[in-house]
Every structure is written in C-alpha cells, then in structure tokens.
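Next up is one chain by itself, shown in structure tokens, the form predicted alone.
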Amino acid sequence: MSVFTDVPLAQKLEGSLLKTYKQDDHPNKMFLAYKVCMTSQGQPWVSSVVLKTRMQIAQDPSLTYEYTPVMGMKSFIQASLNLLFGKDSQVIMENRAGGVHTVGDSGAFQLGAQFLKTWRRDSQIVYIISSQKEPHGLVFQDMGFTVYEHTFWDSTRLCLDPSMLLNVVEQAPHGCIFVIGNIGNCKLTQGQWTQLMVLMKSKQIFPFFDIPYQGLATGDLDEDARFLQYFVSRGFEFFGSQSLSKNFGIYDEGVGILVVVALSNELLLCVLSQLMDFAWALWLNPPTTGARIITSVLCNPAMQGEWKQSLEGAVENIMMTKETGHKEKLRLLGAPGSWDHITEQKGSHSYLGLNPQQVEYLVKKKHICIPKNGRINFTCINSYNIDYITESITEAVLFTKDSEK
C-alpha cells in the first residue's frame, strides 16, 4: 500500500478561471485576469533595459556562478533598499534598514512569518488588509497563526475607503501583526495618517508591508513608497516584502527581499542573524539571475534612467486605457452610472465595480473571463478588444437593470 493513499487532492487556490478560458472555444473569448502587465500585442511586458542587461550578463566572462551567501547578494539588497527608502534617507544613513534576498513573491512572507512565529510568541494573530484578497494568509495559516482578512474596497460606494482600514485597526487586539498591501492606493488624509499612526503605536501593532510593484502604481518610484516615511518618522519597526519582479518584467525569475527596519543597527544585526538561520533551512541560497539584472540596472545611472522611463510609459498606457479607452467608451455607449472609480484607482489591476450578476453575465454570455470580484488587469485591454469589452459591459449592466424591474 502506498504511503500516499490517504492524501487527497488539494483544493485549487487559483486557475479555475484560466481553465474555463482555455476550455472555451468561442472566437471572442478573452481573459482579463493575468497577474502580469501585458503589452498592446498581448504579451508579458518586459522593461526594455532588462533585455539588454540580460545579454550583457550572459556574456560576462568574469561571473563564476558560485553559491551566494545565505543572506543573498549584498549589492542587490543595498540597491533595493536605496530604491525603496532613498539612499540619503534616515534609516539608510543610520544603518537601521536591512534585508535578506528571498525567493519569489512569497519568500519574504515565508521568512518573515517564520521569524515572527518564533520570536513573537505572545502575538499569534495576523490581520491582512489590502485592496483585494491576498495569498499571504495561507503562509501565516500554515505557520499556525490565526488570520483575519479584510479589504478596504467598498463595493457599494465603489471606492478604496481609508476608514475601513482605520476601523480594522480600532478592532484589532494589542500586539497583533498587520500585513498591509496597496496602502498607497488608499488615499488617507493627513489627519487619517496621524490617527492610524497613533492607533497602531498605542496598540503596539507590528506592520508587515507588501510592496509588489513600486513605480507601476503612479509611475513615480518615490511616490509609490512614500507611505513608508510615515512609519519611519514615527519610530516604527517593521517588515516589508519588496518584490522586484513586476516592475522589471522578470516574472519567471521572481526575486525580492524581506525588508527589516529596526530602532538601531545593533537590533537590526540580531534580527538579520536569526533570519539567515531560517533562510538556511528554507532555501539555503537564493537565485541570482534576476538579482544580477536588477542590481546592474539600479547601479548604473543611465540604465536606471531608461528603466524609470519605461515604467512611466507603462503607467501612462494604463491610465490612457482607463480614461479614453474604457471610461469614455462606456460613457458614449450609455452605460448607466458613473465610471469615475476606474480612473481613481492606481495601477494595472482595478475594480470594474460590477456586481456578481453582471460578472456572471460577462463570463457566461460574453465569454470574458474576469474574477468574481470584478478586479481586472487593464493592460489586457487593447485596441483589438476594447470595443467588444465595453459593449459587453454595457450590455451586462443594462441586462441586469432590466431583470431587476
């Protein structure tokens, strides 16, 4: 008898929508839920500077391809931290920010959760709040944490509501862990920022930030990471998952760092030493190809400038698609309601603001595959499919309104 006899099939975490799309033989079928940024030709977006850098690295005779230290490439870590905080920032100058080179988009959460499970045994409650449901909860659940998930997307008012974030903080117990994603997309006023800081400080809540696409939200690298300055200025210690796959377009070589900010260099070194022990057990040595590409770009002013331009161009295309390609077409087609919420959201992935019945209509009747929450990847929309998509959305909204009468 097999030792695997009692092992059941795991419930699929994702892929059912993509499976539906692949099995559909309709000529106008579309998939608007890809994770990666797409080009107007329907291919994954890659920064132009990455292609040139990859060739240069491949032809570099000085590379030895030795194992890296457990912490990873030091030059990559420092370049990533400088990108996130600014090389002249307070935490960099005081040597209070460090990091560990991690594997993939979830590696930092795996490593950070392992540390918190061991060294914060009095606090095993995790709140995850973002603009969407995140996969991080599974990492913490597997570690034995009690996980509560919340979103600050208000499906009734069709907006990212900062008061929802504040309400969750008010309800949260003392000393819990807060995993926060896309907080830069949530427009807090100065007063709300102050209120959030005071609440989290008084409850000794430990922040763990998800920073998956710096520069791809607004096109401004500094602006997309500005929220961190609030926490630094208020003396917070925190972790961050800084993923650098999406903003360079190297999705198949997922790479990032677990960012650590401590109150002193002495405390930082203690934390990093423990994290290296966990990294040794988890993956021993992180992959370096993606890290080499990113480090080469960030450490070369000309190449970094070209990369920044490519980010700005990508964001401009996203906003153009939302404004003139989508919102304006829906208005001209007479789609009921206001569609301002589409352009008020930052980044490639945004909510359409459709209800479940309207989403079901698009999937089943129009063969447009989108998630149940109606959050789509706007880079999947291009000149070839925009008319069909906007006409289908208008039809779905009108149909459901008629059926309600």
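Model, not experiment: these values are computed from the prediction. The first residue of the shown sequence is 1; numbering continues from there.
Another form exists, predicted together with another copy of the chain; not displayed. Remarks below refer to it.
Enquirer: Would you mind picking out the stretch of 301-309, 113-121, 327-335, 180-188 that comes within 4.5 angstroms of another copy of the chain in the predicted complex, counting non-hydrogen atoms?
Expert: Stretch with heavy atoms near the partner: 113-121.
Enquirer: Answer yes or no: in the predicted complex, does another copy of the chain come within 4.5 Å of a heavy atom in every one of Leu9, Gly107 and Val271?
Expert: Yes, each of Leu9, Gly107 and Val271 comes within 4.5 Å of another copy of the chain in the predicted complex.
Enquirer: Taking any heavy atom pair closer than or equal to 4.5 Å as contact, tell me whether Pro173 reaches another copy of the chain in the predicted complex.
Expert: Taking the distances in the predicted complex, the answer for Pro173 is no, it never comes within 4.5 Å of another copy of the chain.
Enquirer: With a cut-off of 4.5 Å between heavy atoms, is Phe206 one of the residues that contacts another copy of the chain in the predicted complex?
Expert: Close contact exists here: in the predicted complex, Phe206 approaches another copy of the chain to within 4.5 Å, heavy atoms only.
Enquirer: Do Met320 and another copy of the chain come within 4.5 Å of each other in the predicted complex, heavy atoms counted?
Expert: Because no heavy atom of Met320 falls inside 4.5 Å of another copy of the chain in the predicted complex, the answer is no.
Enquirer: How about Leu282 - does it come within 4.5 Å of another copy of the chain in the predicted complex, if we only consider non-hydrogen atoms?
Expert: Leu282: yes, in contact with another copy of the chain in the predicted complex.
Enquirer: Please identify the residue among Glu223, Glu253, Asp154, Glu94 with any heavy atom within 4.5 Å of another copy of the chain in the predicted complex.
Expert: None of the others qualify; the residue that does is Glu253.
Enquirer: Looking at Val315, Val103, Leu196, Leu158, which has any heavy atom no more than 4.5 Å from another copy of the chain in the predicted complex?
Expert: Of the candidates Val315, Val103, Leu196, Leu158, Val103 is the one lying within 4.5 Å of another copy of the chain in the predicted complex.
Enquirer: In sequence order, which positions of 28-60 have a non-hydrogen atom within 4.5 Å of another copy of the chain in the predicted complex?
Expert: Heavy-atom contacts to another copy of the chain in the predicted complex: Tyr34, Lys35, Val36, Gln43, Pro44, Arg54, Met55, Ala58, Gln59.
Enquirer: Is the CA-CA spacing of Thr189 and Glu134 tighter or wider in the predicted complex than here, given a 3 Å or more change?
Expert: Thr189 and Glu134 sit farther apart in the predicted complex.
Enquirer: Closer or farther apart in the predicted complex, the C-alpha atoms of Thr189 and Ser131, for a change of 3 Å or more?
Expert: Here the pair is closer than in the predicted complex; there, farther apart.
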